[in-house]
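This document starts with one chain, in the form predicted alone, laid out as structure tokens.
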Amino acid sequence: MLKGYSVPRTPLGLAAVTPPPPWHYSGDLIGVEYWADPKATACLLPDGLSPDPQTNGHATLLFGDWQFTASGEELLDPARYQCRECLILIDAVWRDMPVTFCPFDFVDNDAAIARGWVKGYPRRLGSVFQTRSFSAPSPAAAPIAPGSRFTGSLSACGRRLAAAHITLRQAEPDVTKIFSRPVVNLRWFPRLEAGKHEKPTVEELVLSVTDDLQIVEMWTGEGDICLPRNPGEEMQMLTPVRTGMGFRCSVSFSVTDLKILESPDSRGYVPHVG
């Protein structure tokens, strides 16, 4: 009997690219909130989501430096299960619920790509880096303090796709100033069968569920973003019209579930999302 939560399935199941849930994450985030052209954010939303007229093009560029484990002490295999990430979240509405949607997401290993596709994140392989903070005092330590500066960068296929620069000014006790909306994603798995390329095997609008979410050491300040134009890429359509807060924080959460909001076979299905 073949085993494994994901491919490749093998007699022992050890070669699977990612283990089964529960999945636990801890990491440091830096990011910048900003506003893009509302027409650009609107055209990236899938069926079932609509633009949020209250925030009118609001988006967030995020960089994450993550450590992961499931139930097998995967944190002791850092080469396979640490990852760095860059993604964009745009404001939207599902029915009358404010949410965010992720149109672009890059990580630097295959295990993170596999988990992302299961959750509906449109992950691609990229090279992602961000400034790290360390406890021992040093000019290279980037302390969590007023005036400290942090940078995140993303490249893929040999091209720079995104960069963010943040200068911290003050601690922010109210994390909802940045993180106040759940994430809704599109799980989409296409068919290869001729004549059915536009009829995916899976098409689900899903609500991300995070257990035991903790956000600590939130600091805010100024931030700016660069999304260079590149052939074959479309992140640049979300170039800022204006920027808001830059921020840095540490985050932990677990994932064991998601909620299906809509699918072609069940339009109108409304799960309990409280």
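In case it trips you up, residue 1 is the first one in the sequence shown, and so on. These figures come from a predicted structure and were not determined experimentally.
One more form of this protein should be noted, the form predicted in complex with a further copy of the same chain, which is absent from this view; the next part is about it.
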item: Exercise: residue 52 in contact with a further copy of the same chain in the model of the complex, heavy atom 4.5 Å; value: no
item: Contact of residue 256 with a further copy of the same chain in the model of the complex (heavy atom, 4.5 Å); value: yes
item: is_contact(residue 26, a further copy of the same chain) in the model of the complex, heavy atom dist at most 4.5 Å; value: yes
item: 4.5 Å heavy atom contact, residue 138 and a further copy of the same chain in the model of the complex; value: yes
item: Non-hydrogen atom within 4.5 Å of a further copy of the same chain in the model of the complex for each of 56, 100 and 145; value: no
item: Any residue of 120-155 that, in the model of the complex, places a heavy atom within 4.5 Å of a further copy of the same chain; value: 122, 123, 124, 125, 129, 130, 131, 132, 134, 135, 136, 137, 138, 139, 140, 141, 142, 149, 150, 151, 153, 155
